[in-house]
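Form predicted on its own, single chain, as structure tokens, below.
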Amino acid sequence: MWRFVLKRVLTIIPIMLGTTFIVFSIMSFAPGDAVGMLAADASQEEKAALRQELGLDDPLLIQYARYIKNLLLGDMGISYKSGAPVTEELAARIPYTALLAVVASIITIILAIPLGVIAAIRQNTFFDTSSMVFCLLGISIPPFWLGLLLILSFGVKLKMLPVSGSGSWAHLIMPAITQSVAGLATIARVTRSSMLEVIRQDYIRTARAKGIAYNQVIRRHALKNSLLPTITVAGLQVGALLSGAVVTETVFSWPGIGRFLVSSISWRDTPCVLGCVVIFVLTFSIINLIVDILYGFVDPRIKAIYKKA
């Protein structure tokens, strides 16, 4: 198991290098630069001096190598816009994104798995049909549209909830709902499909023939054996939530990493953009590792494979 975990951790290195290099290249080749945004009214001499001070005159590979060297030393650079260390900028925003992600994840997991299980065991009933219609709408509706609809309904018309900011728990309700709907719908559909496949297996019929109560068969046998696809999809959804919902945080002016990333891209603030990317890559990598480890607890056969790896 530990050998497997070590191998997965080592794979983060090439993923990190590849991702940061692609983002660094895109930011370098994009029209304009940070100097044009920060010193729009400055003279050409002043812009040239600022560009040299920021190291933007160096070739792309030299700039990237310098960034990776500093990153290995724990230095993510200095924000072009604010002049503050990127680590401080991220540290001020990560708690907001983490809070939003945790609340949205709790809503998603608590509602999605029971919804999928009940829809499967009550296949072709009104509950099954209505829940799958809800899931289809949840997957199809763009988050920004849903967020704006909630703002218009509960913020502007009913005046029940604040429409933006992060001053209280009330500010968290609409962003959390907006962020959880798509993941809830996806996980519920996958859970239903997996459960339908499992409850038709021979060992389920055998358990029922032995006189075991239907609820116990579902809880002890069917649910556990149907969880692998659900865990996979749930891991991806939780990883996306923890990485910062760019659209949701922008719509509700939530001061998290997603909104910070949008602002940094607008200002061509490459160190801050790369800092956000590093957080995203680490988050997804850790979540995927946790999902792989959970496989071993759910299915002993997979745990045996990990021991041989």
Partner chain sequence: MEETTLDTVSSATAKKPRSQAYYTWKRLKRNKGSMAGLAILTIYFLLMLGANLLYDYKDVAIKQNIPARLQAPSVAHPFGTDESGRDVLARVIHGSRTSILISVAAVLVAMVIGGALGAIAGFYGERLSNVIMRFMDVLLAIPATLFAIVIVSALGTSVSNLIIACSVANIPKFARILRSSVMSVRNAEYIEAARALGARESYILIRHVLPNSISPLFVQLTITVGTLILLLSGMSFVGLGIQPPTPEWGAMLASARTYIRNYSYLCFFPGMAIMLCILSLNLLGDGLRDALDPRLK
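Keep in mind it's a predicted model, so treat the numbers as computed, not measured. Each form is matched to the other, and the largest set of C-alpha atoms that superpose within 1.5 Å is called the rigid core. Residue numbers count along the first chain shown, from 1.
The following text describes the form predicted in complex with the partner chain, which does not appear among the structures shown.
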Exercise for review: Flag Val9 as yes or no: does it have a non-hydrogen atom within 4.5 angstroms of any non-hydrogen atom of the partner chain in the model of the complex?
Suggested key: no
Review point. Is Ile212 close enough to touch the partner chain in the model of the complex, meaning at least one heavy atom pair within 4.5 Å?
Key: no
**Study point:** Gln63: touches the partner chain in the model of the complex, heavy atom cutoff 4.5 angstroms
**Key:** no
Practice item. Decide whether Ala42 counts as a contact residue for the partner chain in the model of the complex under a heavy atom distance cut-off of 4.5 Å. Key: no
**Study point:** Partner-proximal stretch of 154-162, 91-99, 173-181, 110-118 relative to the partner chain in the model of the complex, 4.5 angstroms, heavy atom
**Key:** 154-162
Study note, to complete from the structure: Among Leu223, Ile139, Ile231, Leu196, just one has a heavy atom within 4.5 Å of the partner chain in the model of the complex, namely Ile139
Check your understanding: Would the C-alpha of Ile290 be classed as shifted by 2 Å or more between the shown form and the other one after rigid-core alignment?
Key -> no
Revision key, fill the gap. A change of 3 Å or more separates this form from the other: in the model of the complex, the C-alpha atoms of Ile15 and Val273 are farther
Practice item. Tell me whether Ile290 and Leu17 end up closer or farther apart in the model of the complex, going by their C-alpha atoms; the shift is 3 Å or more. Key: closer
